[in-house]
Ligand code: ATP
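So this first bit is one chain, no partners, the form predicted on its own, shown in structure tokens.
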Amino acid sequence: MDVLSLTAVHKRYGATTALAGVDLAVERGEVVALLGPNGAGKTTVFELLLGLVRPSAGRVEVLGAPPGRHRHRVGAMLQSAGLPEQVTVGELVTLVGRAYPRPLPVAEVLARTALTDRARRTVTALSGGERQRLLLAMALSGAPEVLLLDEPTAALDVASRRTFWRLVRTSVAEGATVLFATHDLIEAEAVADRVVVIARGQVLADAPPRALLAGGSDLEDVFLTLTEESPAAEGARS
């Protein structure tokens, strides 16, 4: 069963085309990486799935219904998410949980995300990795069937990334479906069941990492070939 689906989806903002005919389906229990450079259209996909924007054309479904219909069954981490700085970790997780009909106990959420000993700390006292774990805790509060994670490990160090994905895998083991965006090739290869490569608003490849690497190249070579990127082009944009 497809838990998430976009069918022939276009999204335009005035003269700018963010997505140009995207087809994407994620089945229950999968972990799928949406891999692409900055500006590829990854965040727009998440905004569509969450019902924050509507497609200019095409169809978007979440758990078999229009986005937003089953909001209480979906947890999300967005790049643009802000946190109230003077609220404690425990207070924030409690507040978010109240928005769901059957939230997980706050103590359980904090334990799952290794934040039990940070429950009384304010957001301002957290490290970068702890803030990301707090965003994950908020996404997990409603015991979601679907996790939508938009570049959830951006700016984290290697150890923090490993901790983060270990926490996410706990939810996957319990039946959650995960779609996450990244521009980190190593992360996509290590974590995902499938890698969907997107650039210029179009899906260029959709396959398990091993299938993409069948020609003997590493994922970076495959990515650069598909997106027609080059080290020089990357340097010009940075």
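These figures come from a predicted structure and were not determined experimentally. One rule holds for the numbers: they count along the sequence shown, beginning at 1.
One more form of this protein, predicted together with the named molecule, exists but is not displayed; see below.
Could you spot which one of 49, 32, 40, 203 gets a heavy atom to within 4.5 Å of the named molecule in the model of the complex?
-> It is 40 that has a heavy atom within 4.5 Å of the partner.
Which one, 171-179, 187-195, 203-211, 41-49, holds residues whose non-hydrogen atoms are within 4.5 Å of the named molecule in the model of the complex?
-> Residues of 41-49 come within 4.5 Å of the partner.
Please check if residue 145 has a heavy atom lying within 4.5 Å of any heavy atom of the named molecule in the model of the complex.
-> Contact with the named molecule, no.
At the 4.5 Å heavy atom threshold, is residue 79 in contact with the named molecule in the model of the complex?
-> Close contact exists here: in the model of the complex, residue 79 approaches the named molecule to within 4.5 Å, heavy atoms only.
Indicate whether residue 22 is a 4.5 Å heavy atom neighbour of the named molecule in the model of the complex.
-> No, no contact at 4.5 Å.
Looking in the model of the complex, any heavy atom of residue 70 within 4.5 Å of the named molecule?
-> Contact check for residue 70: no, nothing within 4.5 Å of the named molecule in the model of the complex.
Considering only 165-191, what residues come within 4.5 Å of the named molecule in the model of the complex, judged by heavy atoms?
-> Contacts from 165-191: just 183.
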